[in-house]
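Encoded as structure tokens, the following chain is the form predicted alone, with no partner shown.
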């Protein structure tokens, strides 16, 4: 189906198919109306801004691809590494996840699970047993076998069996279990069986609708499979120091905070999908101006998170700017412990004061879309019918007065100066503060560098902080559990409404995916009424590439699959 949707979408983008005809064809292929709407809106916005979704496509191979990253990468251990930059930089290239999505599909249907190291997946009728059938004959790059025992070993590094009254195996890592608890705790895994070398059986205590879709997400699930032999020889530090997986690239070297190099895996298990480039070098260039200068100077071939104001100039100079929707959501969380935000009318007024469409068009130069859902535009439960209030400063000012704040109030907005997926946070926060001031809310910005901010954000908002911000989101329907469940450690605004928990429990336990999606959309509708989480914009994630780069497909996710990319001399 993906190829047929791809063809239809390309016909629409190039004017060979009308909007009505695309909708008719997409519906006939089985796409739901919200998915069609997300594809149309996001793709049309990128096209209107003059951004294609691929670079030049050409058969060939070779060269060294140099990539300028917007931040440093985390630890190179698939159980411990977090963040999109880490996954994009190394984990997706060296390791392969038990569950994979199609990262090279121009149609953007990244919710579609594709065969990789897992050949197929069966689910029992009661939704509690998942059987994974592995590809036969795969080895890790150190020559040891990738099989059912290796999968079990990796899962047992992060699955805490002591909660079931069992003893954890030697490779169990308490930090890994904590990092991945967002997935394994609600999944309620009670048993893991390996009946033969090519079969892994997961048994759950209850149905868990996002069990498969959550696995390939950064920060969730099984992530990449690492060689047990590395741990046996060098322990957990050895895994991060010299990553060994089954992927198309091999780790070569790294200088943390500066540069990381990977090279083509000459013995990749799937020769038809072997890497095209000889080598990829990732450079941590945290300053946007430095990234642009490195691209112009020929020191890098690709840059992520380019400054929006530089895009037109870069295009005029022959560089290619690609963009497309992804799971990204730039959002605010309001502190329920601050007296003024306890009143729903105040939360509504604050949201209605923010001109999200103006921010996306004028400040961000068309590189983002105003967000209208807590879900990203690639998520099956995304909807444009949740009912978020429109921008209306006059009505917002009236609501404030009704709530007892005719003269507004003072609040503090905690914001990072940059980071993974952050777009341009300080100017965006200044835009929000200016909009809020028009209805009498006086916002003071408190800025922090990214790593310090992450620690402060994860700790939850203390008294005196009215709101903070994050850039996240998932293609998996699981996402709303993280910021909106009252018991979640990432409910950093302490929202107290247990109606969210009820809807999330119903969604998670649904056997029928349509029922799960309907309940996740109900969560969105409830948030549109209560507004504890304020969706601001969805990034189209512009990437700028040199005209020397071939076969770059702009992924509809947070990370990229660089297997097909090569550099023409």
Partner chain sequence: MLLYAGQRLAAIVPTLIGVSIVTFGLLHLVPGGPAVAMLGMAASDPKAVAAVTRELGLDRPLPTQYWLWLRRALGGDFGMSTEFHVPVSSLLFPKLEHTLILTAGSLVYAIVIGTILGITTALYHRSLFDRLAMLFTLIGASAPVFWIGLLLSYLFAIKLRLLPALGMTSVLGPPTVLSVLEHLILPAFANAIIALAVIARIVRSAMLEALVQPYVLAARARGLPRWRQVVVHAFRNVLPDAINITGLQVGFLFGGALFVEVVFGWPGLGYLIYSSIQARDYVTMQAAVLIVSGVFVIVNLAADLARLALDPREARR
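Values in this document were obtained by computation on a predicted structure and should not be read as measured data. Positions refer to the first chain, counted from 1. We call the rigid core whatever largest set of C-alpha positions still superposes within 1.5 Å between the two forms.
One more form of this protein, predicted together with its partner chain, exists but is not displayed; see below.
Heavy atoms within 4.5 Å of its partner chain in the predicted complex: which stretch among 91 to 99, 299 to 307, 141 to 149, 356 to 364?
Looking at the partner contacts, the answer comes out as 299 to 307.
In the predicted complex, does each of 389, 510 and 518 have a heavy atom within 4.5 Å of its partner chain?
Result no, not one residue of the spot touches its partner chain.
4.5 Å heavy atom contact, residue 394 to its partner chain in the predicted complex
No, residue 394 is distant from the partner.
Can you work out whether residue 503 and its partner chain are in contact in the predicted complex, taking contact to mean some heavy atom pair no more than 4.5 Å apart?
Although its partner chain is absent here, residue 503 would stay clear of it in the predicted complex, with no heavy atoms inside 4.5 Å.
Using heavy atoms and a 4.5 Å limit, would one call residue 289 a contact residue for its partner chain in the predicted complex?
Contact with its partner chain, yes.
Quick one: is residue 463 in contact with its partner chain in the predicted complex, heavy atoms, 4.5 Å cut-off?
No - in the predicted complex, heavy atoms of residue 463 and its partner chain never come within 4.5 Å of each other.
Out of 447, 131, 188, 181, which one falls within 4.5 Å of its partner chain in the predicted complex, going by heavy atoms?
Looking at the other structure, the residue within range turns out to be 181.
So which of 72, 265, 411, 118 reaches within 4.5 angstroms of its partner chain in the predicted complex, heavy atom to heavy atom?
Contact check passes for 72.
Would you say residue 475 moves its Cα by 2 Å or more between this form and the one not shown, aligning on the core?
Residue 475: C-alpha displaced by less than 2 Å between this form and the one not shown.
State yes or no: after fitting on the rigid core, is the Cα displacement of residue 449 between this form and the one not shown at least 2 Å?
Passes the 2 Å threshold, so yes.
Aligning on the rigid core, do we see the C-alpha of residue 460 shift 2 angstroms or more between this form and the one not shown?
True for residue 460: a C-alpha shift of 2 Å or more.
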